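Presented below, as structure tokens, is a lone chain in the form predicted alone.
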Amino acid sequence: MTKNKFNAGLVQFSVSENPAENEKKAVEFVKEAASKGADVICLPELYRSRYFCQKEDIDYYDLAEPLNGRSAEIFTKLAGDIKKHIIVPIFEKRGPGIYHNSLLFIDNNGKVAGVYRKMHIPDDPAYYEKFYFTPGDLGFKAFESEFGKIGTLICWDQWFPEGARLTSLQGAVILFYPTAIGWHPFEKEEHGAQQRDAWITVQRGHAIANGIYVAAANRTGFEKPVKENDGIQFWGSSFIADPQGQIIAQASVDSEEVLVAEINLDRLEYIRRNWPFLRDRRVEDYLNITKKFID
């Protein structure tokens, strides 16, 4: 029987150049989230290393791990011990020359219950992800749990309403977005406030349009793994929004924090009854959505 309430937990932390340190920190923060009552806990994107996509360098492929690698080993054991679901983003080595930006959905019995591979891959200054990551080929995912289906997407996916919609249509009650996003120092003063606000606004829009909870787990801190680059100031601001787009928990810009908020499925049902956007969709008139552009 599906429970009508559970707690979502987000971990926001700064990342060092030492994977072992990052693993240890992630484990401690997951335990803290569990102690605060979180039932489903999400780590930030590529939690195990600094954001290496600031430069195209084949040596960074050495950071990748298989689906059954170190992260799976650590967090399946932890999930089984604390009886919590954990969303663990990884740099996946699938095979020779094939890498993905992925996540493991680990259930509260300590089993990998699903895998999601990031579908939308950016290629922007200091976000050179197309060099590293093959686009996901598993489609959009919503994983079974005793709380209902849990939807997962990753970072750049958060700008695309199609991903949020297709995940929601599978019955997801919440969308988790593990994230690594921040400011270029040279443009923060002029554009920083608008960029961060746009990031929050678009995800609040997904919550409203789909009548769903949305939870984004970002990293914080300044990272400059490439000395000739300016680095990225990650803006933290991890948050959880309800089905009306109201932010019910939010972290600061520059602190390591654990967020925990209640996900109320009765409220989700109530909002969807009053704002029946899914009911009123005209799917027969949306065929052009599969085109890149309508000429």
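Since this is a predicted model, take the numbers as computed values, not measurements. Residues carry their position along the shown sequence, with the first being 1.
This protein has a second form, the form predicted in complex with a further copy of the same chain, left out of what is shown; the following refers to that one.
Colleague: Flag this candidate site as yes only if Q170, Q244 and D285 all have a heavy atom within 4.5 Å of a further copy of the same chain in the model of the complex; otherwise mark no.
Modeller: Yes, all three are in contact.
Colleague: So which of D124, E73, E144, D81 reaches within 4.5 angstroms of a further copy of the same chain in the model of the complex, heavy atom to heavy atom?
Modeller: None of the others qualify; the residue that does is D124.
Colleague: So which of F105, W156, F91, Y213 reaches within 4.5 angstroms of a further copy of the same chain in the model of the complex, heavy atom to heavy atom?
Modeller: Exactly one listed residue reaches within 4.5 Å, namely W156.
Colleague: State yes or no: in the model of the complex, is some non-hydrogen atom of R204 no more than 4.5 angstroms from a non-hydrogen atom of a further copy of the same chain?
Modeller: Flag for R204 set to yes.
Colleague: At 4.5 Å between heavy atoms, is M119 in contact with a further copy of the same chain in the model of the complex?
Modeller: Because a heavy atom of M119 falls inside 4.5 Å of a further copy of the same chain in the model of the complex, the answer is yes.
Colleague: Taking a further copy of the same chain as it sits in the model of the complex, is I98 in contact with it (heavy atom to heavy atom, 4.5 Å or less)?
Modeller: No, I98 is distant from the partner.
Colleague: Quick check on K24: any heavy atom within 4.5 Å of a further copy of the same chain in the model of the complex?
Modeller: Flag for K24 set to no.
Colleague: Among 194 to 202, 217 to 225, 107 to 115, 81 to 89, mark the stretch whose residues have heavy atoms within 4.5 Å of a further copy of the same chain in the model of the complex.
Modeller: In short, 194 to 202.
Colleague: Heavy atom within 4.5 Å of a further copy of the same chain in the model of the complex: which residues of 139 to 164 qualify?
Modeller: Residues within 4.5 Å: G139, F140, W156, W159, F160, P161, E162.
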